[in-house]
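Encoded as structure tokens, the following chain is the form predicted alone, with no partner shown.
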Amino acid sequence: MRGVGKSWRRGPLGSPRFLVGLGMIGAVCLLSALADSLARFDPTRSGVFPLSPPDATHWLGTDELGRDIVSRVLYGGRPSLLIGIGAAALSTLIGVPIGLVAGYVGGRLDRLTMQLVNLLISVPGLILALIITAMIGPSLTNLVLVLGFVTWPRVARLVRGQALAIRETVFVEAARAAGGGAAWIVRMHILPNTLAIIATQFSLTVAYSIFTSASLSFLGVGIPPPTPDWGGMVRSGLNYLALNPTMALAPSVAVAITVLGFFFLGSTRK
């Protein structure tokens, strides 16, 4: 039992950063899931008291159209989480197989793959996402596709590096000598030994995608109104900081908490 306790403390559950991140993400997910019950007002319905300061009715005040800020922040978590998790899932589905094949096969295929990956990584992700989103149009689905396309090269390069190291290990050499095929070795030996770093990168990709989607909305190419969106709320709130600073402050804090939560999860040493 003493050994189990030491193992628990050394694992992610024994890391304060992991527990803090898990608590932050859990709170954001819970509040977003219960938005229908917690929100006291329709987040898209205009009111008769625009730019109202915080009071007993509207705890964080109202925006320029009289919409309740608390309700919009609660509902705004849904598209942000969907975009972040959806983009991370897409980038994982694309990047992991490419990285595994390039790392295990090596040679010319590896060089060609890495040239493409390095070319895509050399372009700033936000700029690339901005260009593609402006071309295909803003929507939740398009943002998932765009951010998944922007982030998969980093996943592929990371997995490729792990596959290069693992393919030279003794147990892989033994499996190859025993007659194991390339596909079987990758599935049974290479992939299982990369799952920890894939999970870490998944969490970091979610954080990056949420922040980037909020940035795109701030620039005017995110989720179209009137759908509540944290980045769009920050953009609107900057014009009314003197009248009601919570318009920009509340969604900014929501973005920061969510991004930091996923970052803490991803940066925890397993």
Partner chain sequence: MLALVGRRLLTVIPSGLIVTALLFFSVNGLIGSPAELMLGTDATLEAIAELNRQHGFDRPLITQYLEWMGKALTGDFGRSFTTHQTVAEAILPRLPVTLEIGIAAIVLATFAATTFSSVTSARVVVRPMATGLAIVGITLPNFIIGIGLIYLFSVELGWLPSIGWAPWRTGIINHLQHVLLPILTLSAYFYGVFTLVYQAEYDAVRRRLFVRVAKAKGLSERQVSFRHVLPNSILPVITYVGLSLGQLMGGAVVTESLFSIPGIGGLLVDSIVARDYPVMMAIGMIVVITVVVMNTAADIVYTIVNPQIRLD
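Keep in mind the model is a prediction, meaning the values are calculated, not measured. Positions refer to the first chain, counted from 1.
This protein has a second form, the form predicted together with the partner chain, left out of what is shown; the following refers to that one.
Undergrad: Does any heavy atom of I166 come within 4.5 Å of a heavy atom of the partner chain in the model of the complex?
TA: Answer no; every heavy atom of I166 is more than 4.5 Å from the partner chain in the model of the complex.
Undergrad: Would L130 show up as a contact with the partner chain in the model of the complex if we use heavy atoms at 4.5 Å?
TA: Judged by the heavy-atom cut-off of 4.5 Å, L130 is in contact with the partner chain in the model of the complex.
Undergrad: Spell out, yes or no, whether the shortest heavy atom distance between M135 and the partner chain in the model of the complex is within 4.5 Å.
TA: M135 belongs to the contact set for the partner chain.
Undergrad: Does any part of C29 reach within 4.5 Å of the partner chain in the model of the complex? Heavy atoms only, please.
TA: Flag for C29 set to no.
Undergrad: Look at the stretches 180 to 188, 98 to 106, 81 to 89, 117 to 125 and give the one with heavy atoms within 4.5 Å of the partner chain in the model of the complex.
TA: Contact criterion met by 117 to 125 only.
Undergrad: May I ask whether F218, V259 and F263 each come within 4.5 Å of the partner chain in the model of the complex, counting any non-hydrogen atom?
TA: Yes: each residue has a heavy atom within 4.5 Å of the partner.
Undergrad: Under a 4.5 angstroms heavy atom criterion, identify the one residue in V70, A35, I223, V234 near the partner chain in the model of the complex.
TA: Spelling it out, the residue with a heavy atom inside the cut-off is V234.
Undergrad: Heavy atoms within 4.5 Å of the partner chain in the model of the complex is the criterion; list the residues of 223 to 254 that meet it.
TA: Those in contact are G231, V234, R235, L238, L241, A242, P245, A248, L249, S252.
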